[in-house]
Every structure is written in structure tokens, then in C-alpha cells.
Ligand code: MLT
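In C-alpha cells, one chain follows: the form predicted on its own.
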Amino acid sequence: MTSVLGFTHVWEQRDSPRTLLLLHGTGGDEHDLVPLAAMLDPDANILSPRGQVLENGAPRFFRRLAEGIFDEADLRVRTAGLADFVTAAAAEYGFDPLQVTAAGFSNGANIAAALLLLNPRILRRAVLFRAMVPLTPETPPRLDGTKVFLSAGRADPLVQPENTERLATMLTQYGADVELQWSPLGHTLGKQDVAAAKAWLA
């Protein structure tokens, strides 16, 4: 674990050109999704930052005003900061910035979606577990060649199905190749989600 480059983070180098950018949910930290990486792509490098915002002591990647209502100004600033971090980390650790795949859960999935919408050059692939529309970009991004896997829960009390479907539609309209997978679960990450994401990545 290190705190250089502006984020406290985990970096684990593998003998692979691929890097997984792991983005935890509210209350998680840089270690939370490291076991997930071994399930999704055990050969990939791991870059896992800790969110810089605290909500009642719980780390997050950006502020919110209420459940499901985001502080859009803060989201834009934090997304730019995360984009800069990934770019700086690629230079620091020597991984290929064109082979970065985000894997995010909840709040982490939402900032990954914001990266796609605001800084599309950062990610070529993204696995978004329990994501919602983070914001509507002022300038439509060009996401041609970008692949996105969305994993949503039919019983999710925090993310309504229509919100997930709107995110999928938005990303598709901007040119991304989107696959939307539904599970019967709520706002939790289950074996079915992981297995589907692993198959998609392969």
C-alpha cells in the first residue's frame, strides 16, 4: 500500500499487459476488491485506490447530497482527479494505459461510469456492478471501441431498474458496446455477478 500519486492505493504488478482498476463501494477501501481481481483476471496488474471523500467516516469517491442524489460539482472534480491518478500511475508503474479495465462496485461503479462519460480516454473496458447514471455530460463522449459490462440486481433497493437501463442506453448511444446482466439479488455482489463478469472479460 502506498499514498504517492495523490491516492492511498494498492499496486500489484503481474506479468501481464492488462491492468484492473478496482473501485470500491461506500465504506470500503483499497483492499476491498483485491480478492475480486483474482476471480476476474488473476493475471492482470492491480491498481486499487481508496476514495478521498469521507461520509460519516466511510470512504467514498465523491460526495452525495442524499441517497441517489450526487453532488455533481464534486463528482466532476473527483472524476478528473481519478483520471489524473490513473495517468500518473501508468507512468510511475509502467503499465499500458490503453489496457486498463475498471471494475467497480456501487459508488466505485458510479465514478467509473463518470470516467467513461467525462474522461473516455482513460478506460477501454469497464465492469460496473450496481451502477446508476452518475450525471449527463455536457459534451457527448465518443465511446466507440469501449466495452462495458453492467451487472444489476432486480431486487436492488438503491438502484431502480429503469436507472440502470438508462445508463446502458446512454453508453450505447455514445458508441460503447454494452452488455447488461440482471441477477435476482439486491445491492450486493454475488457469485452469479462475478461469474458473468469473468466470462465477459474472457
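Quick note: we count residues from 1 along the sequence shown, nothing fancier. From a predicted model like this one, the values you see are computed outputs, not experimental measurements.
Beyond the structure shown, there is the form predicted together with this ligand, which is absent from this document and is the topic of what follows.
Contact residue in the predicted complex, from R64, R166, K147, H31 (heavy atom within 4.5 Å of this ligand): Contact residue from the list: R64.
The single option of Q52, T26, T172, Q160 touching this ligand in the predicted complex, heavy atom within 4.5 Å: When this ligand is considered in the predicted complex, the option within 4.5 Å is T26.
Non-hydrogen atom contact P35 with this ligand in the predicted complex at 4.5 angstroms: Contact with this ligand, no.
Non-hydrogen atom contact T79 with this ligand in the predicted complex at 4.5 angstroms: Close contact is absent here: in the predicted complex, T79 is far from this ligand, nothing within 4.5 Å, heavy atoms only.
Contact label in the predicted complex: G68 to this ligand, heavy atom within 4.5 Å: G68: yes, in contact with this ligand in the predicted complex.
Among 36-44, 173-181, 56-64, 147-155, the region lying within 4.5 Å of this ligand in the predicted complex by heavy atom distance: It is the stretch 56-64.
In the predicted complex, residues of 107-139 near this ligand [heavy atom within 4.5 Å]: N107, N110, M132, in sequence order.
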